[in-house]
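There is one chain below, alone, in structure tokens, taken in the form predicted alone.
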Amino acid sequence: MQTLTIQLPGRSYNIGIGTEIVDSDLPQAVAASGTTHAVVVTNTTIHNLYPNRISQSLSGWQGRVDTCVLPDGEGYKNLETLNRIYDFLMDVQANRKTLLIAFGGGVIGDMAGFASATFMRGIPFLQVPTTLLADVDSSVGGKTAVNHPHGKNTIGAFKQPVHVCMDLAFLRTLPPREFLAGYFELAKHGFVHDAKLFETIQAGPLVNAEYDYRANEAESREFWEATILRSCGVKGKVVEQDETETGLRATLNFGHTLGHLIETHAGYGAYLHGEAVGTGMLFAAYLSRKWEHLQERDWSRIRDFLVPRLTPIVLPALNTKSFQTLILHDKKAEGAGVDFILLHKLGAGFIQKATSVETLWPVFQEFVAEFPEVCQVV
């Protein structure tokens, strides 16, 4: 097992990364929290695949474990489902010392984290991510939120976990589509902050829509453990410098402005978060090249990496007004413009402050015309 420490002002937490570590790493972290009551928040898919897995892991711990099972899917990442967590916490008589354990992908991590940030004005929580996207993105850094019908992740709070237990054994049951979606977030850290990470990913296992982690685990486990560790390290360093996204951390939103528009406009759940972000990253790189920030060589490398792997996106009709409304509802919007993340070069993202939506719309139209196999508006 590898351990990565996130150092924040006045506190820190560890991320344990390895395979078959949940039975050793998790009990230690729960015991160290000092609680006598843990509430596991999971979804129906994970609960069916791994029934009572967290309770079994904590069987030697002298405390009580209750499990809240939610419906699965981005479409349930809303205030109504969040309220089910609050109801469950009240029913089991949770208090401010109760430890919330998020056991699932990014949706579960975000909702459990937001519940922990707000229930009784804050209770501790711990992450046990089960998807690649949650491993490299949502479980690290303390962003928690639910969706609003008009905007992705617009209702939320910053809440850091007390520990992240990242057992890659859970990736064995991850469908190829979900794995590829997480792969885009992994690559994102290379695009904006670590060109060598991107080169490592390029030289690693060929990941596409048919990639099966379980079938390839034996020969590639060392690669995935090292690459996920490095990706988390990239994000961790950024979070340490800018925990609440007042500047540098916004660069991690590369691809997310268009990605969130896709998720909202297509309907939550129509496309996976990573799929939408993948298309958003291609557009952001295209825009970087169009506006002469990015050299042709780097643009070509990004394009040739992304295009063959992207899930074709089909969006309902858009016009200047609806495009602007959707963009400006994005949480990175400010005034009449949006802070758009662009690239100077591979591994060097930057924030284009208050970018006018009127300048984005014509470039988006050109992008759709040039890449109809990637994104269509019907």
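From a predicted model like this one, the values you see are computed outputs, not experimental measurements. For every residue, the number given is its place in the sequence shown, counted from 1.
From this point on, the text means the form predicted in complex with a small molecule, which you will not see here.
Although the partner isn't part of this model, could you tell me whether residue 174 comes within 4.5 Å of the small molecule in the predicted bound form, counting any heavy atom of the residue? Looking in the predicted bound form, residue contacts with the small molecule include residue 174, since a heavy atom lies within 4.5 Å.
Might residue 298 be said to contact the small molecule in the predicted bound form, defining contact as any heavy atom within 4.5 Å? Close contact is absent here: in the predicted bound form, residue 298 is far from the small molecule, nothing within 4.5 Å, heavy atoms only.
Wondering, does residue 153 line up within 4.5 Å of the small molecule in the predicted bound form on heavy atoms? So residue 153 counts as contacting the small molecule.
In the predicted bound form, is there a heavy atom of the small molecule that lies within 4.5 Å of any heavy atom of residue 114, even though the partner is absent here? No.
Which one of 192, 166, 285, 133 is close to the small molecule in the predicted bound form, taking close to mean a heavy atom within 4.5 Å? None of the others qualify; the residue that does is 133.
The small molecule: the contacting residue among 46, 39, 343, 26 in the predicted bound form [heavy atom, 4.5 Å]: Spelling it out, the residue with a heavy atom inside the cut-off is 46.
Let me test this: is every residue among 324, 339 and 367 within 4.5 Å of the small molecule in the predicted bound form, going by heavy atom positions? Judged in the predicted bound form, none of 324, 339 and 367 sits within 4.5 Å of the small molecule.
Using a 4.5 Å heavy atom cut-off, which of 88-96, 116-124, 134-142, 226-234 contacts the small molecule in the predicted bound form? One stretch meets the cut-off, namely 134-142.
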